[in-house]
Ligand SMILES: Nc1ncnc2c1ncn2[C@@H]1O[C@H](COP(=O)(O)OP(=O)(O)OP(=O)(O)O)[C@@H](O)[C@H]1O
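So this first bit is one chain, no partners, the form predicted alone, shown in structure tokens.
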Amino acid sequence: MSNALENVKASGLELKALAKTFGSHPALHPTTLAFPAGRFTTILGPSGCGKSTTLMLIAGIESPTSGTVLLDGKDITHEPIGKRHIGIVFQDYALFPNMTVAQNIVYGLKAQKASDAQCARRLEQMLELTKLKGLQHRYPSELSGGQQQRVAIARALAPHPRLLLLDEPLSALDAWSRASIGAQLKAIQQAAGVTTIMVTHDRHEALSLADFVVVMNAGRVEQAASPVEIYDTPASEFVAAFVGGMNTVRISSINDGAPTGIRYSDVRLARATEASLSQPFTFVGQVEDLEFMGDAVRVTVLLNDFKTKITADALRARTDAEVFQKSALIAVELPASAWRTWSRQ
């Protein structure tokens, strides 16, 4: 029992050719992937992409059709869920309504036969870590959604798990709470030092919280890298589109019509003058829509091929005011230095 209550070094997780098929439907194609130890990883993708299936396979809630799950080099593929020493937080938090905050937090320790002294010491640590001091005698129904989430995280962390798995833990919260509590969640993970994997469909959450991002689509990993690399150098057109903030154009004069990405912030807009239109890869466009964003304006432009739409985030202080007029004809430069190109699809 004592080992479960002692701090352990951050665990490394690896999947080797892991796959899951439900009937004839491949929910997860053979996947080989290593998760960085002690870091916060998000698995990002649309509904049905296989991200939750991957989490359930790691947890042991689902059994793989083939492949291996390794934790610190040990094969745990068929290890019972109760012996994996993994903490799990579900979307609905799954707190026991008839138990107080304190009783919920130490539940796992009690199940492992921890002494009263061990439970009290760990409870104090968890209350401090998750900023729940003063709330230990309340019941879940007396807490806000964010407080309930922190109780669920404290309960999952109390037995010193080797992994912390989070299944869309912020999805039930409003937008303001998601941002605030997401930052708290990241701080808790960093303080605990536990290897953490969170499933989300929210690209902002994935990029802002994670040290490492896995982007999935149709049961396959499209890219696994740092948030900066995912955003700046997406490995595929799908990653670029799903993560957002990037135009994908197919114009014959650019890369012979191959799909080419360019970030909203890299598009240059100017008044349609002889000088501006003489720049390489510059097109005439008509402003279709404007979205005020403070220091910048998001401008949607239809190019003069009448089919290509370009979105640009133009800084107000550095852009001619004429650009910010609906229906205005303007110059749209797509500089070659900012292109991201993938294979033709």
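Residue numbers here begin at 1 and follow the sequence given. Owing to the predicted nature of the structure, the values given are computational and were not obtained by experimental measurement.
One more form of this protein should be noted, the form predicted together with the ligand, which is absent from this view; the next part is about it.
S.K.: Select, from the options 66-74, 276-284, 310-318, 46-54, the stretch whose residues sit within 4.5 angstroms of the ligand in the predicted complex by heavy atom distance.
M.R.: After filtering at 4.5 Å, what remains is 46-54.
S.K.: Does the 4.5 Å heavy atom contact test between A27 and the ligand in the predicted complex come out positive?
M.R.: Yes - in the predicted complex, heavy atoms of A27 and the ligand come within 4.5 Å of each other.
S.K.: So, H201 and the ligand: in the predicted complex, are they within 4.5 Å at any heavy atom pair?
M.R.: Yes.
S.K.: Using a 4.5 angstroms cut-off on non-hydrogen atoms, would E222 count as touching the ligand in the predicted complex?
M.R.: No - in the predicted complex, heavy atoms of E222 and the ligand never come within 4.5 Å of each other.
S.K.: Please run the contact check for D266 against the ligand in the predicted complex: heavy atoms, 4.5 angstroms, yes or no?
M.R.: Outside the cut-off, so no.
S.K.: Would you kindly say which of D211, E205, E237, E168 lies with a heavy atom within 4.5 Å of the ligand in the predicted complex?
M.R.: Contact residue from the list: E168.
S.K.: Looking at the ligand in the predicted complex, which residues in 58-75 have at least one heavy atom within 4.5 Å of it?
M.R.: Heavy-atom contacts to the ligand in the predicted complex: only E62.
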